[in-house]
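Below, in structure tokens: the form predicted on its own, a single chain.
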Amino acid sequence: MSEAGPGGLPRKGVPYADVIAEMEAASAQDADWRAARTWSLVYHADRAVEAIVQAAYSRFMATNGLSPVAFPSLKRFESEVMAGVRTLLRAPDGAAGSMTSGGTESLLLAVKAARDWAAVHRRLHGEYEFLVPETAHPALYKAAHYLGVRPVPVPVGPDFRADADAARKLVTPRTILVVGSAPAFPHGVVDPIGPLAALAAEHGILCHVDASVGGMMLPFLERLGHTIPPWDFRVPGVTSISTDLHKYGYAAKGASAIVYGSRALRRFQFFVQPGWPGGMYASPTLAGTRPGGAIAAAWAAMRFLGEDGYLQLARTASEAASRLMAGIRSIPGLFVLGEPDMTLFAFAARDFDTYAVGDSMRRRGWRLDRQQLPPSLHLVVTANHAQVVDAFLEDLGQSAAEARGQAPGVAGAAYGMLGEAPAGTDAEDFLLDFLDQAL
């Protein structure tokens, strides 16, 4: 057998030190998130939180949450994590939920539960529909694609919040679910959950709140005195909420949670196959094998930080976000989109090329996500970013000055890719080709 090429399976194992050296070299050009030069994808609190999360993940790396009998420690960790999440979301007595691998899985389960619930309680079969704001996460469209449920887009108003009046006109006898975001990722604004949930209740259907990015931050902002639009289980008609623990919960990647208002509703997310020759099979979430490291790391982060720790991180992140927005608004030609309710937001150039500003910031070592409709640059602010606010604003002022005079372009931004599609390309083909070449 010949030696394998780069990246292939080597004929002989590579020594430990060489493997580590290769990984260090490979990551040299990765986003510098510890130094707060990156404004998406990574949620970093500080080195102390990072250390305990790493220790917990490593300790339970080989364990599998598929079997609570084999690993009762994971059962305890998940139970205690979910108890904390239910408390933060103001869930009612009798509420129940599960940990998942991320916001996408949580949203898939929310749509799956609604579909199966409707088959039993509304005796609907076939062409299900659910209402989803235009700014809601694309994972909801992925859920629709995978599960055979038709998404019905709800327009947003000038404030980027879902238009509840427009949603009312879109309900049909086949509607099974209404979704709102708390907040919507692109602009950091909370949808009008009250009117959306009331609409769902009026029609006897379910209402899910996607708080993937907000569920571990909004409760603490409220405690700090921020006025947050109603969004959690205190809102009548809300039947389920999802929140990511690996975002502002500062857990390791692969940790989210979904909570239902009742155990009876949660049963509709489960899958069982009692007749399998390998034994009766039961799975609470989409994944079969459930990485124990992610469950343990989420528990460790919540245990280590506690309410006081999360409150302090929220305060630091919120103050940093406020300083950033004020600074951006003071730079001629730049403005913040909408009135964000949280520590993530978008900004744009008024009369010149927004993406040119992003290009200039990239040359200065900053990585900002690009958005479209309208073109904008996006910041997810964590406590870690407090250290770079002044340096960022100074570079942004210079970048805006460089970009003035450049007419706005027509390229489309690609979510999470820090770039855009070339003008004149078919967006769907561009994305399919990107994935095909990247994997």
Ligand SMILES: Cc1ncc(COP(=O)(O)O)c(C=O)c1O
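Numbers for residues come from their place in the sequence shown, where the first is 1. None of the values given here were measured: they were computed from a predicted structure.
In what follows, reference is made to the form predicted together with the named molecule, a form of this protein that is not presented.
- Only one of K112, K247, R266, R161 lies close to the named molecule in the model of the complex, with a heavy atom inside 4.5 Å, and it is K247.
- The contact residue chosen from G84, G102, P192, P291 relative to the named molecule in the model of the complex is G102, the criterion being a non-hydrogen atom within 4.5 angstroms.
- The partner is not drawn, yet in the model of the complex one stretch among 309-317, 323-331, 177-185, 349-357 has residues with heavy atoms inside 4.5 Å of the named molecule: 177-185.
- Taking non-hydrogen atoms only, S212 approaches the named molecule to within 4.5 angstroms in the model of the complex.
- Taking non-hydrogen atoms only, L107 approaches the named molecule to within 4.5 angstroms in the model of the complex.
- Residue H137 is the sole member of 132-154 found to place a heavy atom within 4.5 Å of the named molecule in the model of the complex.
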